[in-house]
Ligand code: SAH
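Presented as structure tokens, the chain that follows is alone, the form predicted alone.
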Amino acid sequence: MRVLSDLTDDEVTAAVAAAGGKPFQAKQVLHWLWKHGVTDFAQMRNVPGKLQQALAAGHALRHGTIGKIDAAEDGTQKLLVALRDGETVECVIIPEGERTTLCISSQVGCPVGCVFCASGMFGVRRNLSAGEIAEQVLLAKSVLPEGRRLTNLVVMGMGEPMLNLDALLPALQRIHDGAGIDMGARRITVSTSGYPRQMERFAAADPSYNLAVSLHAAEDTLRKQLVPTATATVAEIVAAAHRYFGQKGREVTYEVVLLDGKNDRPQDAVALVETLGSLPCTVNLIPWNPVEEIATATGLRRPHSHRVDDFADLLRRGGLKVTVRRQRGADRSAACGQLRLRQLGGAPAGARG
């Protein structure tokens, strides 16, 4: 059975024609799916019943449903999304004042294997389809409190987005489309752990989205300890990101997950200043959200707030723009991949050991 959320506009038009409908009715179907987020063909009120039934006979509307919601006291909601093949991914709604950010996933699991991240503890199972990526926005919108709307989107959940560009780019186009979800490109950010060749392809995409690079350390040996699968050097990653800025005019954000005694030392800050200090960019410091299974196996710890403040001050004195991410959802499986990890039954044998 084909899933409508995966189809292009032309493919939906062909499916509607095969079901006895007209081209204008394909636009109606797409409108109901992406603008209104319906979950059943019968909810498409201006689509004839016979056409609804014919489409339903050969097509599903979506892949995903909400399997579980973890709601934190600060309003953060983590959604476990159940997919048609039994796999699960996560997305997270983060409200803050007038702003509501949705963090979505691009793969089932993650191949990168950052030592501090729960997303990759079982490796990567498969890529998400374009529909599975874009549907996360519809699912999140369906559980928003009355009066609140999504304002920003980050592809920063499970998976490495640059390794699934074939699905990610059409998904982002669907999310950006004014006839559908209609989210401005300037409100969409894609985060990568650093794949220069794929970053070049991302830079060629239209429209221009924001780019964030998960750097974590400016020195190659230390970064390799934190991101064991890294193949590109820090210099190569930063050069690719700077070319993105030159091509798109969008300032790049560099993300650094801070770990106590690992990469939050003064010399680590100095190395970041030496690497990034002359570039137009922002450094986003993210004190680690502890994952019990990882902390137990590795001894990793969240840094004390005064170490984070001192680190940020050193960067600012070096001329860098710095933001510090406030911990959200701390009482409800805050770290990315943690809800799925619990659903899978904890860490795999020998993980991080």
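Don't overthink the numbering: it's just position in the shown sequence, from 1. Because the structure is a prediction, the values reported are computed rather than measured.
Another form, the form predicted together with this ligand, is not on view; read the next lines as being about it.
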Exercise for review: Tell me, yes or no, whether residue 155 is in contact with this ligand in the predicted complex, where a contact means a heavy atom of each within 4.5 Å.
Suggested key: yes
Review point. Taking the shortest heavy atom distance, is residue 116 within 4.5 Å of this ligand in the predicted complex?
Key: yes
Review point. Would residue 286 show up as a contact with this ligand in the predicted complex if we use heavy atoms at 4.5 Å?
Key: yes
Point to revise | this ligand contact at residue 291 in the predicted complex, heavy atom, 4.5 Å | key: yes
Revision key, fill the gap. In the predicted complex, the residue from 251, 255, 219, 74 with a non-hydrogen atom within 4.5 Å of this ligand is 255
Review point. Heavy atoms within 4.5 Å of this ligand in the predicted complex: which of the stretches 84 to 92, 137 to 145, 187 to 195, 237 to 245 has them?
Key: 187 to 195
Exercise for review: Could you list which residues of 17 to 38 come within 4.5 Å of this ligand in the predicted complex, counting heavy atoms only?
Suggested key: none
